[in-house]
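This document starts with one chain, in the form predicted alone, laid out as structure tokens.
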Amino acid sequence: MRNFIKVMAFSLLTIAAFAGYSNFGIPLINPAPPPEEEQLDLETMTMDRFVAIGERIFNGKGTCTLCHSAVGGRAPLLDTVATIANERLADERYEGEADTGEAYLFESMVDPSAYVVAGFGKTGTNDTKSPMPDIAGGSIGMSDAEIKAVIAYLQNLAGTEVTVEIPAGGGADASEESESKGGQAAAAEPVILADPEALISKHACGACHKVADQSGALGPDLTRVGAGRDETYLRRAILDPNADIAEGFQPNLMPGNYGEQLYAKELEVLVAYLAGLK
């Protein structure tokens, strides 16, 4: 009986210590809210606001800066793309159907393989296939109005004439963002996701990785990652992607701020899912 009491006391102390560490010892992850989707009230839209919305989509929902940035060099920089669009149309490697610079920019987002900038194609395709997904579908799912807003932003960024016409209509097909009386975007109530595939979609993991139903090719194939990597490795790979670099890939390719974007529970859901891919 005495041994039983000792075992029970030890068990209770262990549980209490674990609970205390879980609640107070592990740093709290307070992620920034996901990028807000834009209210496209096209009936009263001004071009300046349309361009500003395009910039926010470019840096937010569109996940463009994930690849089109100076870090890692995974995709071409886009600060002058509007000025060289016509040059690309005249390139003998161009296989699309656009006939204007604006049309080229639109096509480059929905059919990226129509023209692949030299050195940025999928490995083994001789720059004939782009690793970039169609941003109108998949995990990004941008509407035509949102794509045109990004084009307007890119044209403005390059200092060229903004030729995009603001789409007619009330923007029923566009994503929405509620606004407060002061004109500021109302903060979305944070939602903790328990579905790993929803997390993969939300954070656009499939833009770079082959995982779930996504077919990205810029990062390691994760379809069977759990066969060779345990949860500790996977957790570290998400929170500190430069800690271990997969063979054949360069450092600084994966953003290092997922620890700020994921709730602790979401992180563990994602880690457990990836560990189970065998």
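What we label the rigid core is the largest C-alpha set whose atoms superpose within 1.5 Å from one form to the other. Remember, predicted model here, so these are calculated numbers, not experimental data. Sequential numbering from 1, following the sequence displayed.
Not on display, but discussed next: the form predicted together with a small molecule.
Residue in contact with the small molecule in the predicted complex (any heavy atom within 4.5 Å), chosen from 52, 45, 212, 66: 66. Remark: residue 130 counts among the residues lining the small molecule in the predicted complex, judged by a heavy atom distance of 4.5 Å or less. The small molecule in the predicted complex comes within 4.5 Å of a heavy atom belonging to residue 120.
The small molecule is not drawn, but in the predicted complex it has no heavy atom within 4.5 Å of residue 98. Although the partner is absent from this view, residue 75 contacts the small molecule in the predicted complex, with a non-hydrogen atom inside 4.5 angstroms. Positional change of residue 49 between the shown form and the other one stays under 2 Å at the C-alpha, relative to the superposed core. Annotation for residue 226: C-alpha shift of 2 angstroms or more between the shown form and the other one, rigid core superposed. For residue 237, the Cα coordinates differ by 2 angstroms or more between the shown form and the other one after the core has been superposed.
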